[in-house]
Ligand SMILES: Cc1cc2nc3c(=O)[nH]c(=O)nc-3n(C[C@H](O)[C@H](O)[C@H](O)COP(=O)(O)OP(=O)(O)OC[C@H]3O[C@@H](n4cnc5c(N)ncnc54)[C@H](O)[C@@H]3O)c2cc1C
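Let's start with one chain on its own, the form predicted on its own, as structure tokens.
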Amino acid sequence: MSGKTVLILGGGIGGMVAASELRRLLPTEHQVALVEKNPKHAFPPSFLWLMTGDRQPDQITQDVRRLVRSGVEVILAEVQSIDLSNRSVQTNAQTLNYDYLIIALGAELAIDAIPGLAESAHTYYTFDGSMKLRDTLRNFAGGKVAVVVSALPYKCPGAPHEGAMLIANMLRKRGLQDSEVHLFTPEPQPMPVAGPALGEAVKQMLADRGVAFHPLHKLNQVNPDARELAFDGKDSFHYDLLVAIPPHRGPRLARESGLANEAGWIPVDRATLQTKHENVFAIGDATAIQIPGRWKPDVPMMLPKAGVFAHAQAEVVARRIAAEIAGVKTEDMFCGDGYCMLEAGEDVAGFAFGDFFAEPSPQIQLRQMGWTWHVGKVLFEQWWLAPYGLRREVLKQALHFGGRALGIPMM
């Protein structure tokens, strides 16, 4: 058997999981290469804690090479183009050929897509943005804070609500009791893909923490000088501090290579993550996956963009590629299960989970708020950022700590 080359583009959650799982499954004559332009991985779920000052930068970053299984070839380079017909990828350093290609390039932020937004808004959707916002919040004199979902779709459906609640909590801690936090979104409710019951529960979480929720507010432009937000068909809003979830778009490489649809995202088979091109897969935020239900009568619902889905999709794709190379059949399919932890401040969080492929619409549940879900998120963060070879021991320690915290006797 001649050796095959599996090339993974993008060293985020999906890309690293796919690379490590393939390296575990494939004999050493096959090459597993991960192409990533940044030598350091910053863990996105922890950006909110970076914003609040509960984490320092070095606590949520790790060398990419330490986060993947031994034997994965990490190529630190920037991908410039994808040649699907010749099965090759051009980077700023070399041309790479592949037998199988996994695209895990994520979504790009397009903060310049809305007039005035780039000049006026902070964001916690990037590492640098979270650092800058942390310093701004520490020196904020008080007033109206607008947290704005500026466009759809966006990564991590719970993050806008988490950010608003954590900012409100920070202002209370600083004694700025007269300050206001307002959350604006073009959606009809919080996390609409999860259904009305969960939406009402999240609205109550926001209200309990003093966050004013404004649905069906589509941002048109920002006037930085007047500090004013203009919405489609709604009253304008004056702010003292603007925090935005920027517009998202599909990766440039997908658009330029012909992989993307008209909206800029990569359509895939929802069970196998296969694109329309042979031996080319896409996972994570770059993809477009339709799920049961309708956003509007003429607009289908799409799978949310979240790391939990990228992780599960990466494992499925890795197992399917490994099985095909080995010449065996596999029934591995991505089943659409997902979850998220909703941080609310004061070390309290909620936990939402369910089946996003359920008919006739996703079946999502929200557990009661409590400190246990916050502890769970902390333990997952520690596990993810541990060097790959130490994760088993970190998991063992995390389970031991978690069991003691919950009052469960541990052996």
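From a predicted model like this one, the values you see are computed outputs, not experimental measurements. Residue numbers here begin at 1 and follow the sequence given.
The same protein has a further form, the form predicted together with this ligand, not shown here; the description that follows concerns it.
Stretch 32-40 is the answer when you ask which of 53-61, 32-40, 368-376, 355-363 has residues with heavy atoms within 4.5 Å of this ligand in the predicted bound form. Within this chain, K305 lines the site of this ligand in the predicted bound form, having a heavy atom no more than 4.5 Å away. Taking non-hydrogen atoms only, K155 approaches this ligand to within 4.5 angstroms in the predicted bound form. In the predicted bound form, at least one heavy atom of V79 sits within 4.5 Å of a heavy atom of this ligand.
In the predicted bound form, this ligand stays beyond 4.5 Å of every heavy atom belonging to P190. Within 4.5 angstroms of this ligand in the predicted bound form, the stretch 103-133 places a non-hydrogen atom from each of A104, L105, G106, Y124, Y125, taken in sequence order.
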